[in-house]
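In what follows, one protein chain appears twice in different forms, each by itself as structure tokens: structure 1 and structure 2.
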Structure 1
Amino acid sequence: MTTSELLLNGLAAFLTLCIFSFLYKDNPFYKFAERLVAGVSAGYWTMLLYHTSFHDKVIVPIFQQGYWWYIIPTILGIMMWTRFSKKWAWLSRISLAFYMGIATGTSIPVVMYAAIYKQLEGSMNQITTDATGINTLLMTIGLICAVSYFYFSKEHDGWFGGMSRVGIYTLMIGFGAGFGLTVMGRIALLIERIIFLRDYLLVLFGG
């Protein structure tokens, strides 16, 4: 490991320990690392958005490629900044209206396809006698029972009440699995940081 890499890894190790110090209590080291991360992130994303959005979508098309009609969305984008003025704030509503309309029109078909159509298609697979068919059968039963839980036009008693209860269990299993994946992801990040600190100390002290 070169001297520059040793210094950079030492800075990373110091900042990692500063974040971990919050486990003891709130302290100046944690506040310093927290504000440093926020400031670096803000600066990085500002420059990234400038080069990938403003420069490539405004400067290059208008001044280098001659696409003068790009001035229209540019003006709408500038009008967004009028939100900071009490006198001209109403102009930003025009830009917001265009943005919300376009975003809604482009996102609804995608959401419908990914969250509804593909999910329904996945629940209509052919049921076979192998392990895949059993999983499909269980998934279909869980889907129907979970949907029945949200059907409030019929009293949840008798056989329908049993279905809705199975639907509750299905939902709890899904929520538990999602929470477990989130926790395991955070634990994986913690383990990665601990391994980094261990390896750095071994290199630093020649272990």
Structure 2
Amino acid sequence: MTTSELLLNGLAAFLTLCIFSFLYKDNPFYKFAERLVAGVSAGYWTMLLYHTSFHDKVIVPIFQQGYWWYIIPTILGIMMWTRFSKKWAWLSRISLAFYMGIATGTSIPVVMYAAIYKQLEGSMNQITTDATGINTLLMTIGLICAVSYFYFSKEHDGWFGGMSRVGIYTLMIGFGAGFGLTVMGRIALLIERIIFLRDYLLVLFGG
């Protein structure tokens, strides 16, 4: 490990310990690391957006390719800044209106395709007598029951109540699996941070 790598890893180890210190209680070291990450993160995303969005969608089309029509969204973007003025703040609504209109208009067909059509298509498989077919049948029953749990226009009693009861159990298994995977993800991150600290200490003290 070179001297610069040693110093940079030392900085990373120090910041890791600063964050871990919160397990004891809120303290100045934790606050320092927390505020540092807020600033660094804001700066990182600002510059990333500058290079990937502002440069590619404003500077290149207008000044290099001569696409004058890209001036219109630029003017609308600048109009967003009128929010600081009480007198002119209403102008930012026009920019926001275009944003909302385009975002909702483009999202409806996309959501319809990805969240409705593709999900239903994936659930409509042929049911056979082997293990795959039984699993498909169970998944389809679980899906119909889980969807029926969210149907509130009919009272949940009788056979419909039974269906929604199966649905809530299916949902609980889903939530349990999601919870288990999340916890394991966090534990894996914790182990990775501890291994990083151990390795750094071994390099530092030559273990």
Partner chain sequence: MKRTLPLVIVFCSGILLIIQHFIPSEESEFLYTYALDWIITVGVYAIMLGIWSLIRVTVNKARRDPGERFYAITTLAGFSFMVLTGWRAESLHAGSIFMTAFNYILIPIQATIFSLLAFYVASASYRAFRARSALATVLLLTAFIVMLRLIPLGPISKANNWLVGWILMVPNLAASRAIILGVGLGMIATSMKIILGIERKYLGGD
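Sequence positions of structure 1, starting at 1, serve as the residue numbers. In this text, all values refer to a predicted model and were calculated from it rather than measured experimentally. Just so we're on the same page, rigid core means the largest C-alpha set that superposes within 1.5 Å between forms.
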item: Matching structure (the form predicted together with the partner chain), either 1 or 2; value: 2
item: Rigid core superposed: F32 CA moves 2 Å or more between structures 1 and 2; value: no
item: After fitting the core, G158 CA displacement of 2 Å or more between structures 1 and 2; value: yes
item: Rigid-core-superposed Cα shift at D130 between structures 1 and 2, Å; value: 3.1
